[in-house]
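Just one chain follows, in the form predicted on its own, and it is written as C-alpha cells.
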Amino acid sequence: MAPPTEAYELPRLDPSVAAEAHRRWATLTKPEGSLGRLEELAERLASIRGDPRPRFRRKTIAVFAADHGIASEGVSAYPASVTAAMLENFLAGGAAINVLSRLVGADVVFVDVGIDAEPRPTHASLRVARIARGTRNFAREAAMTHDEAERAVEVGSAVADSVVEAGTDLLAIGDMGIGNSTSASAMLAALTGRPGVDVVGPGTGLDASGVARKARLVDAALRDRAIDANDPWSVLREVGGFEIAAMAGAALGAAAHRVPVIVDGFIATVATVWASRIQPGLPAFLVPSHRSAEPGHRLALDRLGLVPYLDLGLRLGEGTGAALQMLLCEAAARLLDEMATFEEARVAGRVRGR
C-alpha cells in the first residue's frame, strides 16, 4: 500500500504575491519587460517563497547516487563501477559539480541511496542511506520491492527536511548512477504511454546501435513487467531507480517547506514527473534549469508545463545545470529587490500612451 497523498501535502500558493512582484517590476528603472524571463523567474520564486522580494541566504545542491541492475545489459558506455568511483571524485572535490558549487557558493550534499560497492569511511559531505547495493535488473525482474521504493522516496524527503532545517532556502537536485538514463526512460515511457524510441537517448555517450538496443530494452520491460501505468508506485517499483525515487522525495519535501526546487537534467526531471503524479501541485514549486540533449527531456518538461532557462547541450547530470540555474535565480531575485525605482532614482517613467 502506497503512502497516502496527504503524506506529501503541499502548501497553497498565493497568486497575490507574484502579482505584487510583477507590479514592482513596472516601477523599476528599466523599460517594461526588458529583463525578459528573469522577470518571470523572480515572480515564480516570490510565489513559492511567499515573499514579493525573495532573497536566498543558503543554497544547497543535493546529489543522489545509486547503481542500476539494468546496467548489466550494456546500456551505458561506462562500466557500473564508475558510480562508486565518481562518488570518490565528488568527495575529493574534483568533479564538475564541485567546481560549479564553489562558483555559485552552494553547499553540496552527496547521498548514497544504493551504490554497489563496499561502504566507504564517513565524510562531511556524504550521507549514506543505502536501500540496497543497486536495483535489480528490470529486464528480468522488478527493479525494487514496494518497501524499497517507499524507503527511497523517504530518504530524499528526509534530506530535504534536514537541509531546510539547517537554513537552506534554495535547493537543487542532481544525480549520479550508471544506467540511470535507461531507468528514467522506462519510467517516462510508462508514465506517458510513449514507446522507447521517443524517450531514449545516448546517455553517457552510446552510439546509434547502443541507443537502439536501449530502446528495445525499454519496450520489452513495458511489455513484460507488471506495470500499472495509472499507479506511479507500480512504475517506480518495476523500472525505477533508488536515486530517482530519492530526488522525487526531495522535491516533495522541499516544496512542502516552500523552498524552490531547481531541477537538473533528464533524470531529475523524470523524478519530478513521477512526483507530480503523487502531488499534482508540485510543478508550481519547481524551477527547470536546462534542456538536455536527451530526447525524452523535452517530453518530460512538457508534461510538467515547464520551459527551461538554459539550452547548452548539457547531458552530464550531477546537478551541473541546476547549479548554473542558481546563478540566474539569485540574479533575478536581486534585481527585483535591489534595483531603484523611477521615483527613488528621480528618473522619468514611461510616458502614458506611448
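The first residue of the shown sequence is 1; numbering continues from there. Source: prediction; values computed, not measured.
Not on display, but discussed next: the form predicted together with a further copy of the same chain.
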Review point. Does every residue of Leu103, Arg334 and Ala348 put a non-hydrogen atom within 4.5 angstroms of a further copy of the same chain in the model of the complex?
Key: yes
Exercise for review: Quick one: find which of 294 to 302, 60 to 68, 45 to 53, 319 to 327 has residues within 4.5 Å of a further copy of the same chain in the model of the complex by heavy atom distance.
Suggested key: 319 to 327
Exercise for review: Answer yes if any heavy atom of Thr182 is within 4.5 Å of a heavy atom of a further copy of the same chain in the model of the complex; otherwise answer no.
Suggested key: no
Check your understanding: Is there a heavy atom of Leu126 lying 4.5 Å or less from a heavy atom of a further copy of the same chain in the model of the complex?
Key -> no
Practice item. Although a further copy of the same chain is absent from this view, report whether Ala132 comes within 4.5 Å of it in the model of the complex, heavy atoms only. Key: no
Review point. Can you check whether Ser76 is within 4.5 Å of a further copy of the same chain in the model of the complex, heavy atom basis?
Key: yes
Study note, to complete from the structure: With the partner omitted here, the residue among Val273, Leu282, Ala95, Ala189 that in the model of the complex has a heavy atom within 4.5 Å of a further copy of the same chain is Ala95
Review point. So which residues in 14 to 46, when you check a further copy of the same chain in the model of the complex, have a heavy atom no farther than 4.5 Å from it?
Key: Thr29, Lys30, Pro31, Glu32, Gly33, Ser34, Leu35, Gly36, Arg37, Leu38
